[in-house]
Structures are given as structure tokens and as C-alpha cells.
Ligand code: HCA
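What follows is one chain in C-alpha cells, specifically the form predicted alone.
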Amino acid sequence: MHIRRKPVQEFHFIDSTLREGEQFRSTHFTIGDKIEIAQMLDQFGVDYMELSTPVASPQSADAVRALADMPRRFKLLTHIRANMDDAKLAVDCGVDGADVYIGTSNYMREYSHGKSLEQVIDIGQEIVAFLKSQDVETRFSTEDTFRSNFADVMTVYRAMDLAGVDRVGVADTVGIADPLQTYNLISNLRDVVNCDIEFHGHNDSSCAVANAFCALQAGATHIDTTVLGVGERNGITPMGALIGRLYTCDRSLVEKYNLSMLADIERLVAEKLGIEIPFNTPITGEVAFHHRAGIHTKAVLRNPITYEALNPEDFGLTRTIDVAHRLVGRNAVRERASVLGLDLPDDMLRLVTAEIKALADLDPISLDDVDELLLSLAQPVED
């Protein structure tokens, strides 16, 4: 079946680092940590920030109030059960919006809340009506959407849309959806509701970024992300990786964000969590713009776009041309010599390149070893 892909329209990131991210192993954000992270993400340009429900703990409520009072441009959300007491406390804490959720799959209805579909709709309509009466932006999400009966979730979404909800949420709660499933469900939902559509995708099967991108192509307007993708189990859509996917599609889609802050934001969150940024993290990983093979480095030195879909300079980063290895090419050696202020003739470049390869075949070598060799060959031998 051929699918005519739609261009991505205007969208918003809902950063859930301080909600979903709190469910990541060993996370312990203090209120000070949350304010520090929120301030950086505000400067970065996220549109929404979602915090843990204020009923989670006394400090959770205090954190919501603290962020509600801080100077900011983003809208502050909190994630709450479809429960009137939760909704009232969220309003009392001063949030701009509430993300209401309830499970709709057979698993959730049997083992979690035990309510029928009719009860889910009744509760949802009551909560939405209350929150809207308090001028609170409201989302209603079906938890475990992709294991729910398709007709059931469409019935719930349509009922919430008619109740005046601002957004309905599609949640791949256990990370089983694939891009085609995501596109089809969001496309069908777009035909059913007039309100905005939010997508929340877990990364248990490594499809979170692809699913989020397909959700946007299908008509979703809001995507839940976290810094580095942290969250329950394998986490959810990583903000940086999704930015990379959108950038390679159309750079103008991410121009509203302060891209040069991305690396600092990820370092801050990693430090707070006590983890290392994985080497293969898109954009900010230590090898994201690292070039080694001779044929690659030759082309990159002439025109980086040959082997780079993203420009590191747009993210405040630089590329690395590796010369200390057996795969090195003459052009990379010439570039390194130029950095050292040396202008070596071609015959000398061939000689030193061959010498580097020979040394690297014996043992790993360093950039200092290469520099020492270049300088020794370039300087006249004293009597």
C-alpha cells in the first residue's frame, strides 16, 4: 500500500523531562534541579513543560507551584489521573494545563482501574468540563492506545473532542507501535476530531523517533519528548534525536529553537542523573561528527555535506577529522599539517601517510604521535 506522506505542519514539543524523566532509574530531581533544567529549556525554546502530578508527593506539589511562579515563556502542564481531586489540586497549584489520562486497553481496564468504556467517557467529560471552567488547557489521553480496541479509542476521542478538550493524546505506552501503525492511527484520528493531537511514544523497540516523526506527518500537533529520551524503562522520544530527524527533513522546522544550547542541556541533565551521554547520541554524541575513513575525510574536507546531513556549526559544535589510524588518507594528513603551519609537498605527504599507516598497524597511535612525525619530517636535520 502506497502512503502519500504529508509535510510536517506547525508543531510543539511538550518536554516531559521533569515528569516522564522522574520515572527514569535513580532519578532524584530537587526543586532546585527542576528550576535549573526548566530555565535552560525555556531559553532553548520549548513550548510546554510537563511536571509530575502534584499528588505524587508533597514536594511534587511544591515543585509545580515553584515552576508556576518562575518567569517563563513555556506553558506549565502537569500529568494527572482522570480523577476530580487530582484535577482540583492541579488547578490550585497554578498550572496552565493538565494532561489527563486513563487506560483504555483491556489490560488497563481489567488490571488498572476496572472501569467500562462508558464510565471512562463519563469521567473524562466531567474532568474536561471542570478544567475548562477553570480556564486550564486540557488534554485527554488514552493510555496504552495501540493495544486498545480501535473503535473504542476513536469513540473516546470523539466524545472528548465534543466535550471541548484542547487536545487528545495517543500513547504508545509500552513501545509496541511501528511507524506505519502510528501514521495510520493518527491519520484516522485526524479525520475524527477537530482538536489538536498529541503523541507520546515509548522507545522499548527503538521506534520512538520514527513514530513521533510519522505522527507529525500524519497530522499530530504536539510531541512528548525528554532530554536524552529518559523515562520509564527505555524512555520516550529523545528531543535531540527528533530535532535531528526534523532538521534533515526541513531545517526551517527547528529554527525556532536555540540549537546551540542542545549539548549544554543534555550535559546538565546527564550530570543530574549521574549518567554518561551515549557515544551514538544524535548530534551531541562524541562521535556524531567524527570522520575517519580516507575517502570520507577527502570529501568532507572539500564539502562537508558529502557525508554530513547536519551542520555541526548550527549546534555550536565542530567536526573531527581523525588522522591517527591505519585508514588515514593523504588529504587528512595534509589538513593536519596545515593546522600545524606546515606546507608539505606531495612526495612528503605520501611518505608520512605511509609511515602513519605502518605505525598504526603495529599499535594504536595518538594525535601527538602524528604531530611529532609531521614536525620531524618537516624540520631539517642538524649536523
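Computed from a predicted structure; not experimentally measured. For every residue, the number given is its place in the sequence shown, counted from 1.
Unshown form predicted in complex with the named molecule; subsequent notes refer to it.
- The partner is absent here; in the predicted bound form, the one residue of 214, 77, 242, 171 having a heavy atom within 4.5 Å of the named molecule is 171.
- With the partner left out here, the named molecule still marks one of 152 to 160, 289 to 297, 274 to 282, 135 to 143 in the predicted bound form; by a 4.5 Å heavy atom cut-off that stretch is 135 to 143.
- When contacts are judged by a 4.5 Å heavy atom cut-off, residue 202 counts as touching the named molecule in the predicted bound form.
- Although the partner is absent here, residue 247 is not a contact residue: none of its heavy atoms lies within 4.5 angstroms of the named molecule in the predicted bound form.
- The shortest heavy atom separation between residue 22 and the named molecule in the predicted bound form exceeds 4.5 Å.
- Within this chain, residue 183 is remote from the site of the named molecule in the predicted bound form, having no heavy atom within 4.5 Å.
- Residue 224 is the only member of 216 to 251 with a non-hydrogen atom no more than 4.5 angstroms from the named molecule in the predicted bound form.
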